[in-house]
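Okay, here we've got a single chain as structure tokens, the form predicted on its own, with questions on binding and movement later.
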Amino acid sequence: MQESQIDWTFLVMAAPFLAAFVAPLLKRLLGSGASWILAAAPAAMFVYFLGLIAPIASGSVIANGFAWAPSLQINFSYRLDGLSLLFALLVSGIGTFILIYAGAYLKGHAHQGRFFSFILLFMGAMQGLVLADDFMTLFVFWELTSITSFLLIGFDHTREAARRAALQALVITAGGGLCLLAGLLIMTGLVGVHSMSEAIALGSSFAENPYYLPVLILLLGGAFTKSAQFPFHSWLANAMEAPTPVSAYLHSATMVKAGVYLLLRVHPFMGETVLWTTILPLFGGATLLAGTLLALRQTDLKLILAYTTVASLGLLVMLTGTSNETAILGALVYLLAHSLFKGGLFMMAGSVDHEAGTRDLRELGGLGLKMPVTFLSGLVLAWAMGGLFVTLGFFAKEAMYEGLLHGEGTTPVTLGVAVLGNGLMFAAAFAVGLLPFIGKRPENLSGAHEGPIGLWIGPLVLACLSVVGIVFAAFTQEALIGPTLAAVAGAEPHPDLSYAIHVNEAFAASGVTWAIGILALLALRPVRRGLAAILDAIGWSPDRGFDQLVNGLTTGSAAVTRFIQNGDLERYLSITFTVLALALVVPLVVFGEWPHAPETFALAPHEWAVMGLAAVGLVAVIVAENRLTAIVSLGIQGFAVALIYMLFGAPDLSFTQFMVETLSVVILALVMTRLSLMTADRRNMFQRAKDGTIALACGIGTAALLIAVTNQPFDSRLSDFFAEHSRTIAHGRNIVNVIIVDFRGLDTLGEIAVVMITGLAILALLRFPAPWRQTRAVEEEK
């Protein structure tokens, strides 16, 4: 913990949430122009994080926190190193332009103020996720990104497609979140670490821990679902139902990269094992190829970009899985480059849709002169995505190829998958960034024109940064990539980041990549038709599988509900007491924990008399010929138990038992005025045997459990505490009363509420109009 009066990082973490709170009011006062005011919040965050570059680049790790749930050792803490700083800069920097863009794109939308709140909440959740150090803090922000993305994807909630996409994203990512939670709980409870800082300190020794395998599987479950790895990728494409500002933010700097962030974060203590270098390249490579092929199949600009995001996430996971320092360097530079060109391309596609009225590639063309700034931005961004000269994308591609060619943990297959995937992404990039602006312009696009500044300022700046980032390579290397690589690789790396061209094997692989991309772009239509034919022939997809899974779960749950809750009260009671009996008896049998019988069982004659009275009541209940006799006989049991309490020094409990029995008599007297309790027991022998077995098992299990408790040595700490503090704290001499009224007063209030509600329910049933009962009786007879 750092000693400082004000920790500005906590204030920066709270800033998006505070801005979300005032966003609707600002929208009402300033209209769509409120976006420029709200954008000041992420801009200020970005400036703050820029100020931390110097200390972190020098090797410092800034961490702080406070106790959140001390009894559970949970802290609200953050960790700022190279990795979290890079993500924080992306979240806040791109978030600034997203807010400005949303102000222009959704101008006139009836719920624009609500949208501002949602996107700011999402921003705060993602920023908290990348800064969180404590495991539980990380998990809370992780799930908050799922919830807020659900709100954003389903923003146009009147459309069924938007609702389905939001639900699908929530189900898949929240399911992965539960896997993540299980993995973190194992780390906390069984390994004994509570934060990323503690886990990183374990280093590679954690691979020898017996819990490495379950933790790895569970964390991969969370990361793969969040970052849409095959076969969980369908939710990301369907998320295109969200407004374009959401897509741009989701794909560039936030949620879809959370899984990659997690993998990079845990790499220092989980990477470099055979499992790691096998599973990640396998899933990442499959996702890369699936994403690029599905991208070329599409004609919708946003869908093309969405599937290339899937492909890019697969590429990042594959490179991370090599645990090769040079390949990871390529992954980190590509991560930065992807955030810039993908955010810009999404905003560019949205501008085209906003001004031309369509984003179907088959209906677009010749917009270059009508939308020159957008065209220039799209071309530069496509250039960067294609990995061409003087862009961050070019260096990223060269580094990853160098790592795959000469680094450890790689195979020719991995290199081939990377070259093919990058080549197809090259084609997809220019299909989006070039084709809508060249060629003959359709007549229906004659009215298209450049949009307002809010629509093109973001893509233009991000396009410039894609070039500036490599032109000022020294700053990018020392300020961003170097510290990030140190945080991930766990060593002091020396990346040689520059825009220089080196004629070597990696450059040759780049040449093959460009050749594949140019050929695929020139043959885009036949490639698209061929892919469509193949996919139609397969006839199944993970997206359809999701619907089949949901339908199966719905049908199965309906069948279970019909079986268990069929309106038969007798079945409900049988199931309830059967489960109780199993819970009591099975552990005693399986683990051989049957208790020992008490060594002494000496009772006075009057105590034996009370026990005999209870036994007589029990026999009377069993042999009773009708319900009324059974209920009255049951009262004998209750009063006998009350006498036992009194004889053994518990007058308060005895008084309570007498009150319960008296209340039961009153209620039964009321019931007798409405219901017939003279009905005889009509169960057959099988039912009687079944019910008797269940009752006997419950009785034996309860008795065994109570005897097992008395077998244990008496621990007087609790009773000593109440004896010592009842007078001084609660000012009462009767310990039982003090416990009920003071020490557990809230529980007592809840119990009283339950009794009161039950009484009211009974009264309501008794006072229900007679005609309804008659109608119900007639229906039951039918």
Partner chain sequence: MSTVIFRAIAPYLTALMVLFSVFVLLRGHNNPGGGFIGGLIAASAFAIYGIAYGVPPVRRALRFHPMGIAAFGLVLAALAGVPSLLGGKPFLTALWAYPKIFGMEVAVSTATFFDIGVYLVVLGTITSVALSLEERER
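Heads up, when I say rigid core I mean the largest set of C-alphas that superpose within 1.5 Å between the two forms. On a predicted model such as this, the values are computed, not experimentally measured, just so you know. Numbering follows the first chain given and starts at 1.
The same protein also has a form predicted in complex with the partner chain, omitted here; what follows describes it.
At a distance threshold of 4.5 angstroms between non-hydrogen atoms, residue 656 is in contact with the partner chain in the model of the complex. Contact check for residue 666: a heavy atom falls within 4.5 Å of the partner chain in the model of the complex. The shortest heavy atom separation between residue 753 and the partner chain in the model of the complex is within 4.5 Å. Although the partner is absent here, residue 723 sits far enough away that none of its heavy atoms falls within 4.5 Å of the partner chain in the model of the complex. Comment: the partner chain is not present in this chain, but in the model of the complex one of 718, 749, 29, 54 has a heavy atom within 4.5 Å of it, namely 749. Put simply, of 40, 741, 63, 67 only one has a heavy atom within 4.5 Å of the partner chain in the model of the complex, and it is 741. Residue heavy atoms within 4.5 Å of the partner chain in the model of the complex occur in exactly one stretch of 42 to 50, 753 to 761, 709 to 717, 29 to 37, and that stretch is 753 to 761.
When two forms of a protein are overlaid on their rigid core, residues whose CA moves 2 Å or more are considered shifted, and residue 760 is one of them between the shown form and the other one.
Residue 739 shows a C-alpha shift of 2 Å or greater between the shown form and the other one [criterion: core-superposed Cα displacement of 2 Å]. Residue 658: CA moves 2 Å or more between the shown form and the other one after rigid-core fitting.
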